[in-house]
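There is one chain below, alone, in structure tokens, taken in the form predicted on its own.
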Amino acid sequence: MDLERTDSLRHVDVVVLGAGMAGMCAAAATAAAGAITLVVESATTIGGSAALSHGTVWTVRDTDVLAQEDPGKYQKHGNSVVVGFDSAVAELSGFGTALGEPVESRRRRAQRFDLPLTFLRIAQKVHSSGGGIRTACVVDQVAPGETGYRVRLRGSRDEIETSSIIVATGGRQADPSVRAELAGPASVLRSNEHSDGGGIDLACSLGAGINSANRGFYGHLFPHGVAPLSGFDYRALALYHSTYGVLVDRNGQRFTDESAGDPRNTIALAAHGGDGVLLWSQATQERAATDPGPIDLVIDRWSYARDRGGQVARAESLDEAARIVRAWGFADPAGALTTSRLTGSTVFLARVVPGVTYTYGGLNATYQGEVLDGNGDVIPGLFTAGADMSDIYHEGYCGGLSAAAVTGMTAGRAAATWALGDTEPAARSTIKTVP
């Protein structure tokens, strides 16, 4: 990396913290704008949780559907994701990594990408623009500097001076205490192990404000007793078909409208103790075991969970199903089982816990990704994107890769504008309009 150096100080226009979907999309935007960009990633490889995904970038069709999918009062930036989706997909497609044609339905829009190749091509763009990427690298300290900020890396005497910083480290779910508080002590991490809130903490050291009231998260129901062994398990063990089942809590009571979808069922379970039982019919089992679903993966999740040691069972009557639930230490669910969702004699059961992919509460920010302090004022030169940005969603979910791509590109453009001095300071600090 060819960077201007004075003693132990390196000068770059933008430092991006995190090389997941949001961070890499931000770096693509800053490099495209002509900004010398350094991406710092704590893992040994780039890609973050996005590298573990199926690569489908999707969101809902319009803002009306968004309001139905996520009626939460803290949902603030979801509109930007829906509005900016087409533009973000077009920019990603420019790297030549789209797989197949775009897919549209009555409620969704989607485009699948080869994300590992996308990230490599973004890395090529960053390097060819005079910047670079450092992996296995942790930022110990960020402090105000002469022209913006000084960034100190762990185990190095080097300091990096930069005009702009983009915090895109992927949320807080890898911190066990955060995960337990949001989703219960039995909850499972369903993402990379490096997104532990470190980037949010660094921003807070500069005065950033956070929305701790947004306790939402994206995740899926996981069978109790199974620890994921690889990124494949994040998909193979997710019980997407809870949409057609019956979910009861430790009191043996149904507590949510399961048809709202598995991500919302997972949030609902977290709000009811984080420990439940999912029951579904033979018809649902047959459909779930043969339907590739949204991730093109055909697998019998009940059998897979059983063989991996998960707490699952099969009953030949509702009475037997109720006995199994009681044997697992739950109250009698008999009253919750008299529903058309459990027609037929055979019932499949799984004790379930929340699998947490990323958190929704994070850094307060403008629609351009400018981080706000505790008083709601812009912190000059500090930006955020992806799961570190608070309030993209609250009670629902309308696409994680799309949220990371749109907010990452938006923050990247704004950070480059600030760093390159394309606007006056007074104008820079008032960019708060929804795209």
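Residue indices: 1-based, along the sequence shown. Worth saying up front: this structure is predicted, and the values here are computed from it rather than measured.
Omitted from view is the form predicted together with a small molecule, to which the following refers.
- Taken together, G55, S191 and A404 are fully in contact with the small molecule in the model of the complex: each brings a heavy atom within 4.5 Å.
- Residue in contact with the small molecule in the model of the complex (any heavy atom within 4.5 Å), chosen from S42, T410, T366, S390: S42.
- Only one of T357, T162, S187, N265 lies close to the small molecule in the model of the complex, with a heavy atom inside 4.5 Å, and it is T357.
- Taking the partner from elsewhere, S242 is found to have every heavy atom lying beyond 4.5 Å of the small molecule in the model of the complex.
- Although the partner is absent here, R109 sits far enough away that none of its heavy atoms falls within 4.5 Å of the small molecule in the model of the complex.
- Although the partner is absent here, A336 sits far enough away that none of its heavy atoms falls within 4.5 Å of the small molecule in the model of the complex.
- G362 falls outside the set of residues with a heavy atom inside 4.5 Å of the small molecule in the model of the complex.
- Residue heavy atoms within 4.5 Å of the small molecule in the model of the complex occur in exactly one stretch of 62 to 70, 396 to 404, 26 to 34, 368 to 376, and that stretch is 396 to 404.
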